[in-house]
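Below are two forms of the same protein chain, given as structure tokens: structure 1, then structure 2.
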Structure 1
């Protein structure tokens, strides 16, 4: 029980050095011995399980039954083809599912949390799975605890342990506390546990357990595999599949009964009915949607956006508001102190006066009340703190030297409510309190006259007008210090040292991205903790806001009711000096107005608003682990332009999925119309069961997937955001599906009766004696119908590339995958028709050149019709 031992005993037992940590060699040795610091994955599904899932369908079972019946009555070719189609569909499904899973696994690896440890005396950041027992881990606010840790040093350290104990209130931790007896996890005050969250302060600890040996690992071992999350679109498709399934079964039963009472062959009608039911239901849709989403997600990675949750891809396409943090997202996150106000002088940082001794305490406080690391080799920490240390460095003060001379013995960490940070230092028998923070927080605590306060405020306003971020610096000397002293004791009667004005310049590409958002109907809102004037100055420069009336502070939000905020929020473009609660209120107000909101954030305090937003976007570089954990998308470059690129990608992915869906549904409708009308009119079946299954295999895979890979539409960001509730059949898509289903079905029937007319020698199609047709003439006509239906559907895939632009505008050769799919499809049809062995299996007739010209001409009609209708719309 590590919590019953003092820190010295723990370090001895684990054979580690609390000052330098483990050596890299020893860490590698321990990693080999105990294994990676991760949970053992549950056994992955076998190929057999994946295979069985693909065939675990009532209609597939019926199809298998049809194959068995065919074999039993001697129709071996039918049985073989049915089994072949089932196998091919199943294999394709398994491959698609495996690819999608692999893509998602790669994404999980990219979002692995990091841990800061001491190795060979150096502080380094490593993947958390490389942490081993004995590692010395450094923890700051907002970071997940990477393993079970015995704390050896704490500074106002609190941990949120609800994931382990169910206790929602953060727990105070104390490294010096030692238990005298066995205690439950919730009472172990000197321990921090894996997967819990550091919510406040800082700490250092020794890793005592990793992986499955941790407390959370023991729980994980009891848990089963979580169910996969379905996207809203996949849920809609599942519902659509059920409706289509019921409809297909009803139509199939009707066709079977009609055929039966017409005296047709029962086995033939049974096979046709079953194959039609299977063909009518686009069972490949979920797999196609998954693979298109997964491939789209991989494209997003190339554009620096890692998608953690698939539903976010669909929601992105509907985003109408992007609430963006300013620092690091809209700006370069390279804060630089450019102006200072010290000893009554307002100076530029390049002023030689700053080297004078009278300014030394000002720069010492800037560097000491600071957690940033600033050396020639490394710059790490909060950008604002890095800028302050860098400014002190310019003035000749090195933080490493000051830290050694002025030992930090106590600190009160910065938080969003106080908006200030305080540290206590011991130097030469004296105690110094160093304070930095927002001017409005520090000004009431300093000893100055009213005249001096007015001058300080005027300088601060002047800095803000220059879009500079203003921080106040103060200090005081105290005669003695003890741990019972409170913030009220330490932060009163301060001596004002000066102001710093720093700027974080906007990213060059952000202006163009914001302009693109406006064009796409997406509103950009800046939400920041900065001063209102500073925030507005940056927003105006970027084109987010034009008038100061479009900005609002957090205190103004507090004075508004929910209904008033909902009314105002649509007119505000800049929210400044906001707290985490304000961010949640803003997001809620926007959503109340039926806006789809994307929210960016990087800190612990951003997690509530990231979860509240429709799409939470965390910063990958500067973001805390908790922000990344709460987000749907992580930006690896912390860039606003990447959010816009992700929205564009999301819109294109949705469009491509919709193309695949409409293509499959219109093709399946064409097959139903062909058979239903023919059977209803008492004609011979234009297609056999094998024909329907083969066509379904071709049209359900290559062209549908190829449409899902269609190149991005350059005009997609010229459109207004779609409603998240929008149906797949919105904007005329339902009529489009019905129209082309009817057209393809009619062309197939026309090819069939034309073939019968020609090969029976009837004077016209209206004088065909359907009761007296030779086997040869029927097979010839069925072959023409078979080829016309399949090739018309292949050509119809080109119509789905755009319902508005002509093929010339879209670019016939821009989707090479689709062209290859069409070419392969036609080649396969020609192979079946002209190679004797396939000819016999599929019961087809070799077509003459005249026949081929006729069916190819008919197959081109959907394209011709589409191009003419698009031209008509453009003209009128």
Structure 2
């Protein structure tokens, strides 16, 4: 039991060095021995289960029954085709599903947390699967604990262990404590366990167990599988699918009954009805949606946005407000101190006066109350802190040397609620408290006259107006120090040392992105912990805000009631000096006003607001694991422009899915109308069961997917955001489906009766004697209907590419997949019709050149109609 051993024993037992960590060679060896630090995968679905799941539907069973009946009565070719269609459909379904599944898995891999370990004396970040027993890991606030760890050094370290113990109150951990007896997990205070969360402070520990050997690993098998999340659209589609399914079955039953009472062949009618039901239900739709979503997500990754929760892709497209952090997201987070205010002097950083002796305490404090690493070779840590150490360096003070002389014996880490940081140092028998932080946080704690306060505030305002980030530095000497001293004791009656003003230039690309958001009806709101004046100055520069009244501070939010905030929130563009709780309030207020909110965050305390937002966006580089865990998407470059790119992608994905859906529905409707009207009018069936199944196969698969992959619409960011409640049939899409269903159905019927008219020799289509038609004429006419219906549908897919733009404007060749799908479809039809073996099996007639010209012309009507109506819309 590691927690009963002292740290030295643990490091000896695990053959590691707490200063330098394992060597890379040793780590590799151990990784090979014990395996990756992850839970063994749940059993994947086998191809066979996937296959069976595709077949496992009532309609397919009926279809199999129909094939059996056909075989039984000697219609072997029908039976074979039906089985073949079922097989092909199933195979395509399996391929689609496993592709979608694979894409989702890849995604999961991209979002696994990283761990900081010592290897070969260097501090490196590695994927947490590569952590091995004996590794020395370094943990700061907000990180997931990557393995089971015996702590060897702790500074105010607290861990939230709810994932393991159910207890959500953070537990204090202490490396120096050693247990004398066996204890339950919750009481092992010198241990930290895999997948729990460090909520405060920092620690160093030795990895004792990894993967399935960890405490959580032992119960991982019990945790069961994660539920797959469905997007709102997928849920809506499932509903729609049910309604369509019921509708299709009802229509098929009606067609069957009409046919039956008209005295038609019962088996024929049965086969036609079942095939129609199968064709009318867009059973491929869920898989197509998943594929389009998953591929869209891949494209987002290329644009630096990793989607953690699939539903977010869709919500992204409907975002109407983006609330963004300032530092690092809108700005470069490359801080440089340019001005200082010290001993009553306002100086620029290149002033030779900086090196004066009386300024030394000021620079010492800023370097000591600081966790950054700054040497010739290496700069690491918080950019604000790096800037301060760099400024001290310019003034002639080296952090490394100071750290040795002024031993740090206590610290209260920076947190964005308190907006300050305090350390206690021991130097030659004297004790110093060093403090740095936001001026608002430090002013109440310093000993100064009102006159001095006014002067300090004036300088701070001057710095802020120049968009500088202002930090105050203070200190005091205390006679002695003991661990029972509270922050109130340490942080009262401080002596003011000075102010630093640092620039953080805006990111170049952000201005254009903000302008693009405006164009796209999306509001940008800056939310920052920084000072109101500084924040506004940067917001103005970026084009987020124009007037100072568009900014509000956290304390103002506190003074407003919920309803007052709701009222004001729409006019505010900059929220400054906010704490993470304010962020939650802001999101709530915006959501009450029916806005769809994307909110960024990086800290431990940002998790609630990220969860509250419609789309939570975490920073991949600077963000904590907690923020990433709570977010829907993670930005790998922490850049605001990436959020906008993701919104654009989200809009495109939604549009493309909609295109596929409307295409499938209008085509299926065309098929239903063709048969329903013909049967109702007492005509022979224009299509046989296998014709219907075949058409369904060639149109429902390739063209529908190709539409889902349509290239991005360059105008998508010129439109207003879509309402999340909007149905896919909104904005005339329902009418569109109906209209083209009717048109395609009518064209097919027209091709059919024209064929009958011609090949029965009737004087006109109105004088065909439907009761007396030769088999040859019927097959000929059916072939014409078959070809018209399929090719009209294939061409119709082009209509879906844009609701407004003509094909020429969209670019006929921009979606090559679709062109290939159409070409393959037409080629297959030509093959079936012209090659004797096939036309025999499919009961088709070879068409003459005249027939071909006729059916091709009819098939082009939907495109011509659509192009004319788009031109009409553009002109009027």
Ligand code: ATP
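Positions refer to the first chain, counted from 1. The term rigid core refers to the maximal set of C-alpha atoms that superpose within 1.5 Å between the two forms. The shown structure was predicted, so the numbers you read here are calculated from the model rather than taken from an experiment.
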### Task
Only one of the two shown forms is the form predicted together with the named molecule, so please name it by number.
2
### Task
Classify residue 491 as shifted (yes) or not shifted (no) between structures 1 and 2, where shifted means its C-alpha moves by 2 Å or more with the rigid core superposed.
yes
### Message
On a rigid core superposition, would residue 479 pass a 2 Å threshold for CA movement between structures 1 and 2?
### Response
yes
### Task
With both forms fitted on the core, give yes or no for whether the Cα of residue 801 moves by 2 angstroms or more between structures 1 and 2.
no
### Task
Using the rigid core as the frame, report the C-alpha movement of residue 445 between structures 1 and 2, one decimal, in Å.
2.8
